[in-house]
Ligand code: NAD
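In the block that follows, a single chain appears as structure tokens, in the form predicted alone.
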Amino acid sequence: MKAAVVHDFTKSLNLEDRPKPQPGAGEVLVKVETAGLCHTDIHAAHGDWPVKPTPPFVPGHEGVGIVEQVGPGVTAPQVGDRVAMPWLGSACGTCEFCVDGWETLCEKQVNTGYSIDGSYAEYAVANAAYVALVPDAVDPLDAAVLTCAGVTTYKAVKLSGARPSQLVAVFGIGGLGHLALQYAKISGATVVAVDISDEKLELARELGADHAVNALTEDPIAAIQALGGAHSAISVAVAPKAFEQAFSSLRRGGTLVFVALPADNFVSLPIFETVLRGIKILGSIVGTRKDLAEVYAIHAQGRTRVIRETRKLDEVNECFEEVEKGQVKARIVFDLR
């Protein structure tokens, strides 16, 4: 089978022929139809983060495809089902986090395209209990993006406490941000979109943003404070400065939600203002299997739009460069059909 493989953090991915994997006990073999390109895949391929994957490996955690074979002990899903293979490849299922509905915090979790091979390949093996059934009403190309960008921002909006009459600021309108603002609108909030690209801000307006601020030409802190300050700010921009601006845009009692994972791992935030203004800072990491099912259901109802470009897996290295240069409007999806 064809696969895009990371052999060296300093080099491009290799497109090569690999043996077709076989599912073990509790696993399924998926014939990949589509695979989304998440910035996390680039960080994985470059070894940017403190905990690094071990080459050689196949990136990709937004894979969607058809179950072709099931391993011993698997009763669901069944051969022929369309499933998604998300970032949370599996968790222990028994720790305090798993039993309390926070499986994404499990210390024994396995991550698709990071600690196990992912979906940048014609076939992939996945834990049967952690794949997600994709409704027939959801296009596989959309489903790929929703499998990470969708569920990640859906969870972040949930944690932000967004609700009617509140002002929510979304910093970074791209693959994640264009969905975050839609979920915030669905919650009933008034949404401010912040980016440094007029094109992306125009997209934000098309998707329902009530206000749009170009941080290159206007101070986003002043602009948002002029509206009364944000009740919550969600940072999905891969730049520490955006996190700091998001913090300062909050009103008293506001909530800052960290989502993006910049290679530059640190921000500078004031303790004094955090305490006196009663600011809450939360980290939000993807979402659970239940969250993902809700994301698909919302999309199947026609309440969200996925903005994407379709490419072939052979173009993976060029696509990585485009994403790093900020040349992609929202999301790239590889079509392997």
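Computed from a predicted structure; not experimentally measured. Sequential numbering from 1, following the sequence displayed.
Missing here is the form predicted together with this ligand; even so, the following discussion is about that form.
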Q: Name the stretch: of 25-33, 271-279, 43-51, 289-297, exactly one has residues whose heavy atoms fall within 4.5 Å of this ligand in the predicted bound form.
A: 43-51
(Q) Please tell me whether any heavy atom belonging to residue 38 falls inside 4.5 Å of a heavy atom of this ligand, as the geometry stands in the predicted bound form. (A) yes
Q: Using a 4.5 Å heavy atom cut-off, state whether residue 172 contacts this ligand in the predicted bound form.
A: yes
(Q) Against this ligand in the predicted bound form, would residue 200 count as a contact residue? Criterion: heavy atoms within 4.5 Å. (A) yes
Q) Would residue 285 count as touching this ligand in the predicted bound form under a 4.5 Å heavy atom rule? A) yes
Q | Partner-contacting position among 181, 124, 148, 233 - heavy atom within 4.5 Å of this ligand in the predicted bound form | A | 148
Q. Of the options 333, 330, 336, 4, which one has a non-hydrogen atom that comes within 4.5 Å of this ligand in the predicted bound form?
A. 330
Q: Let me know which residues along 185-207 have a heavy atom within 4.5 Å of this ligand in the predicted bound form, or say none if there are none.
A: 194, 195, 196, 200
